[in-house]
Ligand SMILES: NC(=O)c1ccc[n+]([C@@H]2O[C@H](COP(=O)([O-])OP(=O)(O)OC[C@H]3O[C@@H](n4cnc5c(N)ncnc54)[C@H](O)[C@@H]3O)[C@@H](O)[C@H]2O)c1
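As structure tokens, one chain now follows by itself in the form predicted on its own.
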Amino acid sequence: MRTLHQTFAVPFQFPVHFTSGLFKIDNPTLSDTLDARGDRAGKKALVVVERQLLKHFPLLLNQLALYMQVNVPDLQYIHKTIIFEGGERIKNDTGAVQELLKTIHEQGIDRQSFVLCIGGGAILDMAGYATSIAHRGIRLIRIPTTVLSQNDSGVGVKNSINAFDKKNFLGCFTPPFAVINDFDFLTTLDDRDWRGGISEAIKVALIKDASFFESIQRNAQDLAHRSMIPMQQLIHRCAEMHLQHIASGDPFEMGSSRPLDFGHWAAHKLESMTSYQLRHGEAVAIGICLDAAYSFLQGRITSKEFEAIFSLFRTLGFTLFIPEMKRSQDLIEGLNEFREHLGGRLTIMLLDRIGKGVEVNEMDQALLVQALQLLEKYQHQDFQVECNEVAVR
């Protein structure tokens, strides 16, 4: 018997920029990004944009075309912009992937050319999947336009669409060429999308950084009233922690542990159970509170810590119990689907205290039902805890 063993490592790097007024002529962020790896001659740029965005920024495509003409004239700008509806529905329909792939083919977009995707997390996911499989990888520049995509999904390395009624069933790990966060896009978000992304920041704070959780507590009222400065600070810190996690040892999730999916086993199932009427950030908020309630019932966190978590989400305007959650067995089936999605052994992140997550490999179904009942009780009473009363252990 003869065996050849192959081992190699490939370094990945990509910048995450933070700016405002990205397409203003005097803003160098995009042109510098396009020039990051040398000669642009002969390369092309294709734009994918979310339709809803154009309702708020009707001149966006004209501004982008002018920007490219003035700042990167040697790059062939494809004026056939692809416009898609946003939201989770774009990930449920393989037609969007096929349309993007067809345009990449027809326009001769090669591996050294660029696709610029402007929109929320769902359209970024879809475009990331399509550009990853076209020519085995085209340079994707993500331009996230929601809180959720600027601080979490848009800065990661995952790309996916849904299939067989399972979230992110088809996908791959492919880092983007670059990410550019333009805070101006956040000004037109509706309240649901504004607060939805905050849930991902609370998630990473709860499992990794108690001081970040306390910061969100202090700014909760301002965030609820759409103050931009604390939101910018939250997005930057959350994105920073997300990137640190990706670089910490398992960026392509080869193991069975995914700590940044705290609260997500229930969130993914609730999205499916509501036919995706529940948005991802809203579902994550519920999932976090459910796992926090379970952690409390197991004696891992104190009642005051659990109440602080629940109160923070309530202050921000989240609904934390919905009718579908009464179908407890259907929801708990999400554990099996999550185990399959992870591969191998079920691994769930719980809390040992605010700022410290702990992994477990099983969850007691009877205790989960109690946790659901606790959330329902808290949702339907006039519950409020002063966040600053909670001492982080």
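Predicted model, so just to flag it, every value in this text is computed and none were measured. Throughout, we count residues from 1 along the sequence that is shown.
Separately, the form predicted together with the named molecule exists; it is not shown, and the next lines address it.
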| item | value |
| --- | --- |
| Contact check for Ser295, Glu307 and Arg353 against the named molecule in the predicted complex, heavy atom at 4.5 Å | no |
| Contact label in the predicted complex: Leu189 to the named molecule, heavy atom within 4.5 Å | yes |
| is_contact(Ser153, the named molecule) in the predicted complex, heavy atom dist at most 4.5 Å | yes |
| Partner proximity in the predicted complex: Thr145 to the named molecule, non-hydrogen atom cutoff 4.5 Å | yes |
| Lys326: touches the named molecule in the predicted complex, heavy atom cutoff 4.5 angstroms | no |
| Residue stretch of 209-217, 118-126, 295-303, 99-107 approaching the named molecule in the predicted complex, non-hydrogen atom distance within 4.5 Å | 118-126 |
| Answer option from Thr347, Ser31, Gln63, Gln52, heavy atom within 4.5 Å of the named molecule in the predicted complex | Gln52 |
| Gln232, Asn168, Asn71, Thr81 - the one with a heavy atom within 4.5 Å of the named molecule in the predicted complex | Asn168 |
| Residues of stretch 185-215 in contact with the named molecule in the predicted complex (4.5 Å, non-hydrogen atom) | Phe185, Thr188, Leu189, Asp193, Glu200 |
